[in-house]
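Heads up, the chain below is alone and in the form predicted on its own; it's given as structure tokens.
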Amino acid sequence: MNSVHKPQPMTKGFFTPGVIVLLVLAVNGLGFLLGRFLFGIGSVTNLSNQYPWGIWIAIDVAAGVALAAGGFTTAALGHVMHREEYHIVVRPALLTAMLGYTFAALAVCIDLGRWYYIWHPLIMWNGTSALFEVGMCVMIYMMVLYIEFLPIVAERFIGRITLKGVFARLNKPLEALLRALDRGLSKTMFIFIIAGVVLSTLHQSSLGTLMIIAGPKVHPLWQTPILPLLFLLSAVSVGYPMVIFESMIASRSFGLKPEMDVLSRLGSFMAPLLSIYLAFKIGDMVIRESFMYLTEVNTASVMFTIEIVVGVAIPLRMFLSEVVVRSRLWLFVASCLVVFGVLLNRINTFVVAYNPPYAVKAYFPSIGEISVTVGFVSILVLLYRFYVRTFAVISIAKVTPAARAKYAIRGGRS
């Protein structure tokens, strides 16, 4: 039976056993975060002059930005390439990207020793700094994501503003503002979509440039002149698996049937994307002869092998199978492996591979660092649940009247 997909707010209750667990983890993380601001960054982290960054940069920022790549990859597919059948995953991907970039920006703030100077790049420009380029692109792209989300907000509240009492006089101005935003953005949204795609390619690659600057401090297995290209390719490769991962988790959480037709099509794109990334990765190792470091059994070689085999090679082989792409379980597993691979790549590049020449001891994240990171992830999931219950983000299939009549004429045979 034919059906149409219409975005609408989810009606399932907010509180579940899983949500309660997330709330506990979020409160725990916020407690350590309060200690960081009250007593300094050294009170809750194992960071030092030798290791000025840790998992807050590797996971919360570098990995967070990469895993939010579904926003610009689906925007490119649905809007730039005008593939209408993928529009049902654009809004969830947009929300995920918006929340992901917001928390990445917050993570940068808490990782700065003098966090209250986070605004300096806005007025103190340094055109030769890769970090400046990353900061400006992330800030602008985050604004673009919020602008792209405004039509969903306008759609939710147009015709529904009913403030009472002294605020009643604001009803008509707010209504007029929402309608003006809706009309204006409907005509100019393509500008922000294209800008978002361009900005994403810029800062995704520039995150790799940061580690090139570190030079010999980074292990040769990861230190390469094409690191910006590898960061961009890996971000593009993880975009669709992250959309599949998020879509299936949300569908299960809200008791919906996942749109396997669309998700399987996204999965069919993955084999070529992963093949290109793996080809550049292996080709770079052959040209630089860095593969010889894999003959040594140590932390770097083991982590690199896991990253490539588990995070790239195995899911690549899985996505080549039609059975995997059509299977709800195996498609989810393959997508999880890609997400894991990119997450591990960022941890490896920023933490495992980083070896300061004068370090007196190895870095390992403290309980406070882990708690804040887990707390951030928990808050992100809770906010996602709040947004999809408030705004029309997730599309639900509805049978059209014509299809229902046709179905009845056939005697109930689909």
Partner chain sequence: MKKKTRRDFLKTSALIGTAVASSSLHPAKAGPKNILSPDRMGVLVDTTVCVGCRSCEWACKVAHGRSTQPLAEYEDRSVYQTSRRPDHESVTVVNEHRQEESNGTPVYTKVQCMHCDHPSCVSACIVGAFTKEENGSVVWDTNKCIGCRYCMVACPFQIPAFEFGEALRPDVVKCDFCFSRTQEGKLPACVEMCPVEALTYGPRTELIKVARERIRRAPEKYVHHIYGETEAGGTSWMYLASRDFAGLGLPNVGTHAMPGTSESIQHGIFAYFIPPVLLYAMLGGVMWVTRRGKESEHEELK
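Bear in mind that the values here come from a model prediction, so they are computed numbers and not experimental data. Residue numbers count along the first chain shown, from 1.
Keep in mind the form predicted together with its partner chain is missing from the figure; the text below concerns it.
- The partner is absent here, but in the predicted bound form a heavy atom of Thr201, alone among Thr201, Ser327, Ser251, Ser290, sits within 4.5 Å of its partner chain.
- Of the candidates Ser301, Asn126, Ser321, Ser275, Asn126 is the one whose heavy atoms come within 4.5 Å of its partner chain in the predicted bound form; the others do not.
- Though the partner is left out of this view, Gln50 does reach within 4.5 Å of its partner chain in the predicted bound form, counting heavy atoms only.
- Residue contact check for Glu307: none of its heavy atoms lie within 4.5 Å of its partner chain in the predicted bound form.
- Looking at Pro258, you'd find every heavy atom of it more than 4.5 angstroms from its partner chain in the predicted bound form.
- The closest heavy atom approach of Lys217 to its partner chain in the predicted bound form falls within 4.5 Å.
- Contact with its partner chain in the predicted bound form, defined as a heavy atom within 4.5 Å, is made by all three of Asp111, Pro225 and Pro357.
- Looking at 334-342, 203-211, 263-271, 290-298, the stretch with residues near its partner chain in the predicted bound form, meaning non-hydrogen atoms within 4.5 angstroms, turns out to be 203-211.
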